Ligand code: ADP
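Read the single chain below, which is given as structure tokens and is the form predicted on its own.
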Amino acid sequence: MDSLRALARRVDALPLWVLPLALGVAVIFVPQALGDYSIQRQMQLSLILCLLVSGLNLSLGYAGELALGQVAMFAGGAYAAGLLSTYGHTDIVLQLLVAGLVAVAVGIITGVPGLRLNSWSLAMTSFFLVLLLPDVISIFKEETGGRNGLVTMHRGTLLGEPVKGDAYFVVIAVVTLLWFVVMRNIIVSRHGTALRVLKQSPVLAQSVGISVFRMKLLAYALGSVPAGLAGALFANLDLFLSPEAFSFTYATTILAASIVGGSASVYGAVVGAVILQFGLNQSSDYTRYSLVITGSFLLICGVLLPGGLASLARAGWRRLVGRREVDMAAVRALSTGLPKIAGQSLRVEQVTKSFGGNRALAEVDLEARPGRVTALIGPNGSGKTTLLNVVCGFYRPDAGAIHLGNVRIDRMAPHRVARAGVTRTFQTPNIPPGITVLEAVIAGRYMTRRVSMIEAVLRLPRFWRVRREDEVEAWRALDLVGIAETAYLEATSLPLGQRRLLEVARCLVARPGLLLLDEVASGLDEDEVARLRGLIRRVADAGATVLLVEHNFQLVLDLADEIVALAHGSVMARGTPEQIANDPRVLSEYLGVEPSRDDGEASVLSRLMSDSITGGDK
């Protein structure tokens, strides 16, 4: 067992792309090794299915968009290539390019409902499009051949020479391999992390500066590309296209392959496609009962294997390799202290917000300045989190104005507010599954340094430069909050207290002008609260503007330079910690304390501090 684990660790130390690339290259030589046409045929169909499943994995597994119109994109690419061939344009490279563009157009058009619809509404809309495909093809029967099929295609060419037999298998294998290189490079870049953030929560995505509109369109476009490539390859396989090839049954096969292999996995697409193509299609009864069989696969794997076979493989590999240790000496070498932060003043002027007949905020004024901690307190339902959401742009105020520095932000979209320098934590930690702690922190830098998709795919020098910067800043932030040793663990596996500290680290990597902390001490033990207290003070001393919403009254009294107390959506008091701690209305409405006339200022403050420790901050 020890020798096996040692071997596994040596393999794990290799670059992640080495083994998949070696297997992909080996597939290219399968025809020469086997010489069996039936196996070659099944492998060709498997590779085409791999492309389709990978596109679904991108849009569904990584971005969480239930746009299941892969068959429509597949058909668009196939008929684009078929019509080019019919008119004498037989070059396969040209057909692949045009088919990819047509599929992207179809993907974006079919994905437009996703900008307004979500979840199963979007799924039903896209599936309805699949059901309409045969009728749509029949409308253009003069060009497509209608239900009789397109039979006027010519043999595809490459560099002017016809491509058939073993040579065409190599073309399919190379195109598939190149696409998986592209997909893998996207997924392991900051764009892949951004897709996971979108899947977790559009609110989280916008809070780190990601435009939900653009990211959804990007997900639809990326998921369409391999479907278009698959369509062009399929068209040249038999030089015949029929509407029956793009049926609802094939759509369920694509979905079943994604679920079986693992929708949130690059190589799970290969596993699922091979199982569905080689396993089920070998049965003589498969054609008759295909919908029942694939439907059963969906149900069984959806219930028993929610993460697919890929999740089982990852879990087994982690157990075999063991926990990856963090070189804390190297981390401390990077931790040169908290850099200066260009804080920006926040001015909230007469802000009012109502939900129906309920007035959540009523003419609230608040000012937070750089280098200072401004605390916002109040009983539950007083409007604290609502005010943070208004500042972040998630709610539009009914009246009033909000300025960050010299810029008015109350009419900005949330992602633009984030890009202006506003970062925040959430009452309930909002962290995407399937990524490490280090990757979760790096997500906070998505908009600080831009890296294009092309730079990420081709691994251009700017990509590597920004990636190194991201990692350095993320390690520094993790060390500042005291959880650097967890960097390689899955982020969602951390206990609540450490997840809250992770969110603080995600905010700090962006070097925010305004840091909004929403009950960040909740769930932390005494040592973590002490570390957090010191960290927040250091962040403010570095120049940041800190707005703290917190129920831990002792922490507020220790940290705040100024406290604003809300009640029923209005400001009931503002002042220094000493002033707030002795304000009769604050004591009564927020803390439920009725000070006696004989209490002096020091005794009241002492009693409040004691109550805060024992849970007296109601």
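Just so it is clear, the model here is predicted, and its values are computed rather than measured. Residues carry their position along the shown sequence, with the first being 1.
From this point on, the text means the form predicted in complex with the ligand, which you will not see here.
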query	finding
Contact label in the predicted bound form: F355 to the ligand, heavy atom within 4.5 Å	yes
Exercise: K384 in contact with the ligand in the predicted bound form, heavy atom 4.5 Å	yes
Distance check, Q427 to the ligand in the predicted bound form, heavy atom within 4.5 Å	yes
Contact label in the predicted bound form: N406 to the ligand, heavy atom within 4.5 Å	no
Residue (of A360, A542, A456, L150) lying close to the ligand in the predicted bound form, criterion heavy atoms within 4.5 Å	A360
The ligand: the contacting residue among G146, P162, P495, P379 in the predicted bound form [heavy atom, 4.5 Å]	P379
Partner-proximal stretch of 94-102, 295-303, 384-392, 209-217 relative to the ligand in the predicted bound form, 4.5 angstroms, heavy atom	384-392
